[in-house]
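Take a look at this single chain in structure tokens; it is the form predicted alone.
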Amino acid sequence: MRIGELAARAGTTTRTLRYYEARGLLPARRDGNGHRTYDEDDLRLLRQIRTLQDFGFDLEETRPFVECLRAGHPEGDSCPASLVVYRRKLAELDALIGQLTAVRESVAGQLARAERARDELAVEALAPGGPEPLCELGGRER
């Protein structure tokens, strides 16, 4: 198939395919007229790349999976190099989850502090001679 058909079937652009070719992820085969030609195996490569990118893998991280498919394996993740990439990505995700958990705990702590302060002000406002409550826009309630 030609580049336009492959791009359409893969849900991408011809520009992207040329970029993948330049990066060595997609083979650069040409017919007698110099047109790029592709087959179903190339479509499989592109689908593997797309799936991994949807999972958050960088383009270069897809290389071991592509090479595994090119070597004739039925799946791109059946080779040792692909498993190494999976393990590295899981470690990155675990680190990010840890960071997000810490941020979430900080925000939850700030919220709890703000709610306590609000409640204390509300109690003070109800006491005789307590401060007059402020409205949400910064003015005094009437």
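What we label the rigid core is the largest C-alpha set whose atoms superpose within 1.5 Å from one form to the other. As the structure is a prediction and not an experimental result, all values here were calculated from the model. Numbers for residues come from their place in the sequence shown, where the first is 1.
There is also a form predicted in complex with another copy of the chain; it is not shown, and the following applies to it.
Trainee: Using heavy atoms only and a 4.5 Å cut-off, determine which of 28, 97, 81, 59 is in contact with another copy of the chain in the predicted complex.
Mentor: By the 4.5 Å heavy-atom cutoff, the listed residue in contact is 97.
Trainee: Does each of 101, 107 and 110 have at least one heavy atom within 4.5 Å of another copy of the chain in the predicted complex?
Mentor: The answer is yes; 101, 107 and 110 each reach another copy of the chain.
Trainee: Is residue 77 close to another copy of the chain in the predicted complex, meaning a heavy atom pair under 4.5 Å apart or at it?
Mentor: Yes, residue 77 sits close enough to another copy of the chain in the predicted complex that at least one of its heavy atoms falls within 4.5 Å.
Trainee: Answer with yes or no whether residue 35 is in contact with another copy of the chain in the predicted complex, where contact means some heavy atom within 4.5 Å.
Mentor: Result no; residue 35 lies far from another copy of the chain in the predicted complex.
Trainee: Is there any non-hydrogen atom of residue 23 lying within 4.5 Å of another copy of the chain in the predicted complex?
Mentor: Although another copy of the chain is absent here, residue 23 would stay clear of it in the predicted complex, with no heavy atoms inside 4.5 Å.
Trainee: Is residue 40 close enough to touch another copy of the chain in the predicted complex, meaning at least one heavy atom pair within 4.5 Å?
Mentor: Residue 40 lies outside the contact set for another copy of the chain.
Trainee: Suppose contact means any heavy atom within 4.5 Å; which members of 57-93 contact another copy of the chain in the predicted complex?
Mentor: Heavy-atom contacts within 4.5 Å come from 57, 77, 83, 86, 87, 90, 93.
Trainee: Relative to the superposed rigid core, does the CA atom of residue 104 travel 2 Å or more between the shown form and the other one?
Mentor: Shift of 2 Å or more: yes.
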